[in-house]
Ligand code: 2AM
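Have a look below at one chain only, the form predicted alone, in structure tokens format.
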């Protein structure tokens, strides 16, 4: 039995997903405004955000809500808060690349209690409730059991125009490339985290993400048996400047690779 709050989150995400899928099929006709270098926001994004806000606020009016576009909505002293990304993978969406997601998390006094990530095109719903495990639709999730770096696939996000972190990424990429079976960059951090939870990747790292990119995914990975922290090991990936999510056995080796790359950069 899924918790009632997960059902509310699922319903809001699915309703927004129907809007996104409709717009994705007509992506060439969308009204697109420029928000920053290589960072776009579309009418589809705003429509999905409005749908989710309306559905969640109707069910839990006492919760505040944080989204990428609107910022904080509601009482900034509320103990309960929604953290929402209505379209994670906007650039993919606008280029008709079928890889994007909706991410919703419920945070109580700073602790992530529930999270959901929906892939609208594949109709895959990754969800978790604290202490109750992680699931893909109705199937229990577990992180990968692989324990060798040479057999592992990692995912990351590579900085693009106007984004910070290029130097850090260039410092760690050669080491990761040398020791692993491959690196993937698909353009949706939420789905990258969901794929770690599902055992499709052994790990994911990125610099400079925001809370709406990672909140749901952090809980889903942890409830699937994985480990999540900042790259330097600090336990604040929700509010920190970096994130590292892995299966249990490869957490230390992957963290060591990334830290070694950053250390080499500082020395040079």
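Residue numbers count along the first chain shown, from 1. Everything numeric in this text was worked out from a predicted model, so none of it was measured.
Beyond the structure shown, there is the form predicted together with adenosine-2'-monophosphate, which is absent from this document and is the topic of what follows.
At a distance of at most 4.5 angstroms from adenosine-2'-monophosphate in the predicted complex, all three residues 68, 189 and 213 contribute at least one non-hydrogen atom. Stretch 153 to 161 is the contacting one of 176 to 184, 111 to 119, 153 to 161, 138 to 146, since its residues have non-hydrogen atoms within 4.5 Å of adenosine-2'-monophosphate in the predicted complex. The contact residue chosen from 209, 231, 56, 218 relative to adenosine-2'-monophosphate in the predicted complex is 209, the criterion being a non-hydrogen atom within 4.5 angstroms.
Distance criterion of 4.5 Å from any heavy atom to adenosine-2'-monophosphate in the predicted complex singles out 87 from the list 196, 87, 134, 105.
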